[in-house]
Ligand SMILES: Nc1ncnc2c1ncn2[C@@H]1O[C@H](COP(=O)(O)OP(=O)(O)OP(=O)(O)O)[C@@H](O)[C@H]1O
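Just one chain follows, in the form predicted alone, and it is written as structure tokens.
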Amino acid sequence: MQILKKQLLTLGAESAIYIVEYWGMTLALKWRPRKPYIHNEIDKLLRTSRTSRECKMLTFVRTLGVPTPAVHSVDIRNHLILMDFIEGQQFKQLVNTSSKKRITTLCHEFGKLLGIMHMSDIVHGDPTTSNAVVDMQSKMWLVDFGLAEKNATIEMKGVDMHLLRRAYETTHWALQETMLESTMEGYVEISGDDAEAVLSRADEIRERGRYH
């Protein structure tokens, strides 16, 4: 890929995301660099599989009605994904500057998006407020699908919801109850009766963690 301009947007534990100028557009370039502390072959396998999986899941989940960045190009060998740049803020950042009303509205939408995925037997794998972006029109987009999976079981969906709850507890502890309640309301709105089994399993998973 011949990038005309490149500016680092975020640097995480697994990847770096850049804002780039390409094809006359402002896009996002995600790169999974090598981790020197992991055996080279294992590291390469992980980066390749997660890059491939993310491309497929970003595209598939969009067909369900869940807003995700469109993928424009992928370079599996170099672990690069070129996708839409969503101009906005991480939901995580907005929580610290938004009114309680806005937070509950966004959490409700977050729950609905997870519900849509779960009803199609898809799990995100890392459903945290860091992986939701709110654009300038207050529309929520889900990102980072490197751990997403199809054909999800009740256990896998329960893990998704458990991870979400843990994210609220550790990152937004002062608002965790309000955020969790609104998220669950959105989730149940979409999932209906199917939500009971998933949320019960999430509670079981939480209890397991307390005794291990």
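Predicted model, so just to flag it, every value in this text is computed and none were measured. A residue's number is simply how far along the shown sequence it sits, counting from 1.
Quick note: we don't show the form predicted together with the named molecule, though the next part is all about it.
**Q** Since the chain is shown here on its own, which stretch among 148-156, 41-49, 28-36, 172-180 would lie within 4.5 Å of the named molecule in the predicted bound form, judged by heavy atoms?
**A** Result of the contact check: 28-36.
**Q** Against the named molecule in the predicted bound form, would Ser200 count as a contact residue? Criterion: heavy atoms within 4.5 Å.
**A** The answer is no: Ser200 has no heavy atom within 4.5 Å of the named molecule.
**Q** Does Val61 reach the named molecule in the predicted bound form if we count a contact as any heavy atom within 4.5 Å?
**A** Looking in the predicted bound form, residue contacts with the named molecule do not include Val61, since no heavy atom lies within 4.5 Å.
**Q** Report yes if any heavy atom of Met57 sits within 4.5 Å of a heavy atom of the named molecule in the predicted bound form; otherwise report no.
**A** Answer no; every heavy atom of Met57 is more than 4.5 Å from the named molecule in the predicted bound form.
**Q** I'd like to check something about Val66: if you look in the predicted bound form, is any of its heavy atoms closer than or equal to 4.5 Å to a heavy atom of the named molecule?
**A** So Val66 does not count as contacting the named molecule.
**Q** Scan Val123, Met83, Val95, Leu113 and let me know which has any heavy atom within 4.5 Å of the named molecule in the predicted bound form.
**A** By the 4.5 Å criterion, the partner-contacting residue is Met83.
**Q** Hey, which residues along 119-147 are within 4.5 angstroms of the named molecule in the predicted bound form, non-hydrogen atoms only?
**A** Read in sequence order, the residues that approach the named molecule (within 4.5 Å, in the predicted bound form) are Asp126, Ser130, Asn131, Val133, Val143, Asp144.
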